[in-house]
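So this first bit is one chain, no partners, the form predicted on its own, shown in structure tokens.
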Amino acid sequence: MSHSRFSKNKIYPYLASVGLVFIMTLLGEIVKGRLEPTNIVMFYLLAVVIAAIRWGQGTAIVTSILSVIAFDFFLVPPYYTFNVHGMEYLFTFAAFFAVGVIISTLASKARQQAIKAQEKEAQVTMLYRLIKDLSISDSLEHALYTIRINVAQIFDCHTAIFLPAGSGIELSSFDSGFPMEEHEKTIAGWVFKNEKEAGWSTDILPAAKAHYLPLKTSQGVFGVLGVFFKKDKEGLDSRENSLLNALASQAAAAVQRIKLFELSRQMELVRETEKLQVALLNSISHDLRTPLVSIMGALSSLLQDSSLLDAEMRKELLKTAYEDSDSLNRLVGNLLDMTRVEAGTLKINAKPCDLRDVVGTSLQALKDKLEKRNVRINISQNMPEVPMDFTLMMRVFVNLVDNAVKYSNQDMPIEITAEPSESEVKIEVKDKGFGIPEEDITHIFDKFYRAVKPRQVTGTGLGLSICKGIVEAHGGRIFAENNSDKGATLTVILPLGAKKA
């Protein structure tokens, strides 16, 4: 808007035209003895062109009139009088004036076109900058902030954006200088409802302090942009109003895009949730039914045919029922733990614990599964007590060892090692089993995720996910990697300092 600075002072261009005519007259005085007066006219034509290009047609015409007068008075014999001895000079005056007007008109049009081209270029640059800034906005909040900052910098104003809320709109993003009166909010609501500009510098509710524009696309109105100018201003000219509307259109498109993206993301989340629910129901129904069928079969045999069964057979049936009951109990426990982890209600009661006791208790819980297994335990002799929740960490090691049992052959050993460092302890559970496919390593701690294995393995895919939740709740971390020779290692790292609340 710098081109309008001179137009604010309406006197200056005409004073400048007088100065131009004065300078050209001085040049004419210098050369009038050596050049024909008709040749000196070119000096004044130059003044007319300069005035037209610099200040416009009105100033150029005034310069033409002043040039004819000065040329006649100072440079045409008899000097310093308006008398003219030859008709050719009258023709020269008329022609000069006509040429001056034509040149001023053409130069003025060229100037206006140049100004419009500059304004268009500036407008495109501003819109490009806004579009570029909005393209990297990854949230509605950031997009609204970007819109406000760009509009505020371009127009040197305070801004606010209103978005739909219930049956009306609410102020979603604003700066401290924007007027917050209830009357202003009511006008913004009117703009949103009627999809028309209103407020200051409009014919609708002009008493408002701010100017309000609907953020509208072909899909409807997505909000309202409010603009409050810091300095006294009579109104918006056509160029400013056009630019402001263009900025509002781009802002509306950005808000629409982000809202549609958020809606799409919510729909995708719903679809993924439904898929997880289906996976959960399928997995749980299968994993619940299998031990229940086994338990019911064993108990049914004991109830109906107990007289026909010898002591060894009854003991075997009871053992089967017990093992499946234990498996069922662990499944239900995992489901409860997963619920607590996801709800954020998992409470850690960390106390200094002997790691050997935690590992030993975990192995005792799996004694039936480990009956024919070679489990090697190598815990450093200088292992200090580790702050942890005994019960929860026992669940972690039960799941880790149970995982090693599932994914390795019965004749393969399982190794548990633990080594402290200055600030943490590293615990590894190694097996000599199938290993983990490379594409599965980063996903095996995801809920319901189960790696592809060369044989069918039962389970819900919750065990390692629960381990991750419990370990991270202790301020530690857990990860998996394949061994260089055979099998995989699951590593737990726990801090030796108590977890901060």
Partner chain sequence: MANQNMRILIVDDEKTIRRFLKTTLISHNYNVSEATDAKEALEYSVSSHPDAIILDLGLPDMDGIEVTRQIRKRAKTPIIILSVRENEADKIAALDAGADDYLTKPFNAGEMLARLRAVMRRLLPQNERSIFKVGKLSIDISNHSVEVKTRQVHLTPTEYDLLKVLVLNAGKIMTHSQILKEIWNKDEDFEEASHLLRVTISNLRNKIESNPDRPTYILTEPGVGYRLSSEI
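Positions refer to the first chain, counted from 1. The model shown is predicted, which means the values in this text are computed figures rather than measured ones. C-alpha atoms forming the largest set that superposes within 1.5 Å between two forms make up the rigid core.
Form predicted in complex with the partner chain: not shown, discussed below.
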| item | value |
| --- | --- |
| Proximity to the partner chain in the predicted complex (heavy atom, within 4.5 Å), stretch among 154 to 162, 256 to 264, 346 to 354, 140 to 148 | 346 to 354 |
| Any non-hydrogen atom of residue 395 within 4.5 angstroms of the partner chain in the predicted complex | yes |
| Contact test in the predicted complex: residue 114 vs the partner chain, heavy atoms, 4.5 Å | no |
| Partner proximity in the predicted complex: residue 79 to the partner chain, non-hydrogen atom cutoff 4.5 Å | no |
| The partner chain contact in the predicted complex: residue 131, any heavy atom under 4.5 Å | no |
| Partner-contacting position among 118, 300, 361, 194 - heavy atom within 4.5 Å of the partner chain in the predicted complex | 361 |
| Candidate from 424, 170, 240, 385 lying within 4.5 Å of the partner chain in the predicted complex - any heavy atom | 385 |
| Residues of stretch 364 to 394 in contact with the partner chain in the predicted complex (4.5 Å, non-hydrogen atom) | 364, 370, 375, 377, 385, 390, 391, 394 |
| Cα displacement of residue 368 between the shown form and the other one reaching 2 Å, rigid core superposed | yes |
| Exceeds or equals 2 Å, Cα of residue 418 between the shown form and the other one, core fit | yes |
| After fitting the core, residue 197 CA displacement of 2 Å or more between the shown form and the other one | no |
